[in-house]
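Coming up, as structure tokens: structure 1 and structure 2, two forms of one and the same protein chain.
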Structure 1
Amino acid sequence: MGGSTTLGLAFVLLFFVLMVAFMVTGRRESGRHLREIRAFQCIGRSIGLAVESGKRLHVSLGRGSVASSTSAPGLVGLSVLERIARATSMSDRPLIATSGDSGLAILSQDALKSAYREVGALDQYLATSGRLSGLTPFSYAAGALPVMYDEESSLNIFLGNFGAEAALMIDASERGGGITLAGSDSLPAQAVIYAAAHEPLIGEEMFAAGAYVQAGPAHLASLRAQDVLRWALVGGILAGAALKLLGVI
């Protein structure tokens, strides 16, 4: 096993240990110390307005395969999907999730069913609420457009791996008068999102979504573990630079 692989495994193990420790010690934390991100503040208001006005909410999970390195943004989207489904379980118009990967579509159906079961509203669950809208980038976008145009979505959330097709979906959301919250790990999609979305998530803000929507203590613990490792890396870089200047290394 190479040195880089060993270092990577050690890093992952340290992150896991820190995350478990923060989960155990911080179960009662509510996330009140998180910095303000306007996009997440907007979600709460938009959900309430959508439920009161009988509008629909739409979460799009991207087209990243759950068996590849592009799965992380979609998994973040699933945690947000489940949390919003619980919050809107009594709405007249159930939440709809679209995706461009068959695995994500199945997981979205499972997340919705789990959320409705948890709040005692399983009769509200419809299997068609978790939709595979297309298996290619533009067929995925074309399949998601009717949800925004024809089903009166007042809030469209895009969290996942997207490409240039994100421009079509975000434009449809904005033209329909809905609020658009979007984040992606793809640089082309981030450029589109920053220019076009009503509430863009920049960089790693997307991966904090679970903590901000209170999806569970594991998400808050993950943020705290990230902060510890981030400062540890900064300290290591500064220490290495100082040692280099002093001629030690």
Structure 2
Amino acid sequence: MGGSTTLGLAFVLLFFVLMVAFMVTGRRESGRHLREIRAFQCIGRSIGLAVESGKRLHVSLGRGSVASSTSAPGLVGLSVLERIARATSMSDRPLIATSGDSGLAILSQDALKSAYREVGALDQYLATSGRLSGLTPFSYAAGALPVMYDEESSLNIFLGNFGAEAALMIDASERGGGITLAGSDSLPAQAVIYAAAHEPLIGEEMFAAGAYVQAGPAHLASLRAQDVLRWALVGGILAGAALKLLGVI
């Protein structure tokens, strides 16, 4: 095993140990304070308004294949989708999920079905609620546009792997008068999202979504583990820079 592989394994193991430790200690703590992120405060309010006014909600999961390195943001999107499906199970108009990858589309159907089953509202589930809207970046965007224009969704959540085509979808959402909340792992998409979205999520904020929508103690524990390791990395980078400056390395 090479040096970098050992370091990688050690890092993942440390992450795992921290997550388990925070899950155990987190059970004893009550109401851990989370930093205020406007986008997540907005979600709760907008969901309530949408259900009351009988408007539709739309979650777009991006086009990161589940069998690739870009799958993580899509998985975060699926957690949020499941929580929102539960919260809106009483709505007259069922939630719609669009994706640009067929695997992700199947998982979105599965997430919707299991969420409705858990709250005893399986009759709300439609196979067409989890949709594959296109397989190329622009066909995906073009396929998602009618959900925002024709089906008049009042809250559009974009959580997943996107490219610059996210601008077209966000633009459609904003023109339709809906609230837009968006986050992605890709840098070009983040630049676009910052400029275009009503509520942008920058950097790792998207990965904190589960903790903010109360998807379970593991989400809070992973958020705390991320915080600890981020500070460790910051310390390591600064120490490395200082040692380099002093000519030690």
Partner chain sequence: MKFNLRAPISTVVAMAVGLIVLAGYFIQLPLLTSLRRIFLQWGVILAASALVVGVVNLLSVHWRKVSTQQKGGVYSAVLLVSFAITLVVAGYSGPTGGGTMWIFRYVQIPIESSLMAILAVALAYAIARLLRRRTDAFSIVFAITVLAALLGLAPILGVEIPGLHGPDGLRDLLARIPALAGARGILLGVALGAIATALRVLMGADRPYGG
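Residue indices: 1-based, along structure 1. Everything quoted here is computed from the prediction, not taken from an experiment. In this text, the rigid core denotes the largest set of C-alpha atoms whose superposition between the two forms falls within 1.5 Å.
- The chain appears twice here, and it is structure 1 that represents the form predicted on its own.
- Residue 233 is among the residues whose C-alpha shifts by 2 Å or more between structures 1 and 2 once the rigid core is aligned.
- Relative to the superposed rigid core, residue 242 shifts its CA by 6.6 Å between structures 1 and 2.
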